[in-house]
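First, one chain by itself in structure tokens, the form predicted alone.
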């Protein structure tokens, strides 16, 4: 697995999550572990704590994982997923307060250069309106 921070995109819509991930991959390449999840288990709009945990596992890096979310429910479920991780991983996963598409692209760009988790989070959050 890459030595770069992993990126997870969480959206209420699987199409939005997949589209944002596609943009990241096309703009940044394969240098950054990238996963996405969206929709509820029944196939409708929503998010799933288990899907978020699975996405974190797919991109796990010792440098950590940055999560980008679209709405409050995605943030809440992402925080719940982090709380359910083993203790040694919880402190190395953060939810970024950033726009999902722009934040994911900027976070992945920063991560591709070997940046720390804190640097990746700060770069993504610079895009957030004050």
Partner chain sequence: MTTRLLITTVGSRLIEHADELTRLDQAIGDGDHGVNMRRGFEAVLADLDAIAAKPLNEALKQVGMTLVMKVGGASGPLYGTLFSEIGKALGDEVTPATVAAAVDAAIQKVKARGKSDIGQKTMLDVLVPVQAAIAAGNLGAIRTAAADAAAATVPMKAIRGRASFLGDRSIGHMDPGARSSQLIVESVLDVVEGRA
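Numbering follows the first chain given and starts at 1. All figures in this text were calculated on a predicted structure; none of them were measured in a lab.
What comes next is about the form predicted together with its partner chain, which does not appear here.
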Interface residue in the predicted bound form among 33, 99, 46, 64, criterion: non-hydrogen atom within 4.5 angstroms of its partner chain:
46
Answer yes if any heavy atom of residue 73 is within 4.5 Å of a heavy atom of its partner chain in the predicted bound form; otherwise answer no.
yes
Quick one: is residue 83 in contact with its partner chain in the predicted bound form, heavy atoms, 4.5 Å cut-off?
yes
Would residue 40 sit within 4.5 Å of its partner chain in the predicted bound form, counting heavy atoms only?
yes
Does any part of residue 57 reach within 4.5 Å of its partner chain in the predicted bound form? Heavy atoms only, please.
no
For the three residues 4, 89 and 118, verify that every one has a non-hydrogen atom within 4.5 Å of its partner chain in the predicted bound form; reply yes or no.
no
